[in-house]
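Shown next as structure tokens: one chain only, the form predicted on its own.
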């Protein structure tokens, strides 16, 4: 199949999933065309069957905000016609599904006599924040209902979308995934850990875009409690608006020398694989991709019991769950686990088992292929 993929190319879950999906599909022989305003962050170099098409947005003085959605629709239609795409797959409803709908209509009106189907994958914020802004709700609902196929990354997100938007058409749940061959405990694990701490120190990690919903200061609060009991380091992977607050809090707590801000990383799996525990105290997660990537690396996640996270982590078996803001409970879970090396290793292996058995790309990518085929059959 020839598939056009559009996503936000920034450091966030939807862009990561869309890029990894394209890479996986390309490895399976499909021709993938990324269409976005900049190259997705995890698209790091030339790959077989991968093409990138930049969307250029003209900046006229007339526009306070350049009309990206219109430029995107035009580029989608151009790429679809030039490369004879079979379908478009857009990640994040607003504005991508609206642009795909316009591209489909433009091609139909051009006399090409072919329908360009598009599918929309809902990732969370497009529904929980943007879509529920009353000014965006009607167009979000309309674009979802106009999609030739709709998927959501968790049962939680599907159910919330149906409830909040009164969606009538079917929403297919296809979970996020991880490449289990890439994300795994590194054989050089002990050696690589020395880059971040001494042999007697435990390593905790957090991975996100550092937005308020990720509660980065809670990560620092949890680590402060852990560090008082157990020699340890905290690796913070990513960047974003709450970094400064977290940096200041680490200084105020007197632990800044033990909190390492690593910034945005291309090879995330190498950093995750050296850790013992992943902290994910988010206000809301529609799935919890960072937790899954950690689990595949035998890193036990400690997260909040919100959104789709309980669909990924089984409390007390493959990780621990707590209420939002309950930093004491999350810290206690971490302290208990880090104090028992045998239990820590067992839970890490169980986390890996859950990732392998339910969320490996080898399990999930065929679901997307079947999803595409059903859409194409209905559209033919």
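Everything numeric in this text was worked out from a predicted model, so none of it was measured. Numbering follows the first chain given and starts at 1.
The protein also exists as the form predicted together with a small molecule; that form is not presented, and the subsequent description refers to it.
Exercise. Can you pick the one in 262, 213, 137, 173 that has a heavy atom within 4.5 Å of the small molecule in the predicted complex?
Worked result: The residue from 262, 213, 137, 173 that makes the contact is 213.
Problem set entry | Partner-contacting position among 303, 289, 88, 277 - heavy atom within 4.5 Å of the small molecule in the predicted complex | The residue in contact is 289.
Problem set entry | Which of 79-87, 216-224, 281-289, 265-273 lines the interface with the small molecule in the predicted complex (heavy atom within 4.5 Å) | That would be 281-289.
Exercise. Are 117, 120 and 376 jointly within 4.5 Å of the small molecule in the predicted complex, each by at least one heavy atom?
Worked result: Verified in the predicted complex; spot residues all out of contact, no.
For this session: Consider residue 161 of the chain shown here, and say whether it contacts the small molecule in the predicted complex, taking contact as heavy atoms within 4.5 Å.
Result: Output for residue 161 is no: heavy atoms all beyond 4.5 Å of the small molecule.
Exercise. Is there a heavy atom of residue 125 no more than 4.5 Å from a heavy atom of the small molecule in the predicted complex?
Worked result: Taking the distances in the predicted complex, the answer for residue 125 is yes, it comes within 4.5 Å of the small molecule.
Exercise. With the cut-off set at 4.5 Å between non-hydrogen atoms, does residue 92 touch the small molecule in the predicted complex?
Worked result: Judged by the heavy-atom cut-off of 4.5 Å, residue 92 is in contact with the small molecule in the predicted complex.
Exercise. In the predicted complex, does residue 14 have a heavy atom within 4.5 Å of the small molecule?
Worked result: Yes - in the predicted complex, heavy atoms of residue 14 and the small molecule come within 4.5 Å of each other.
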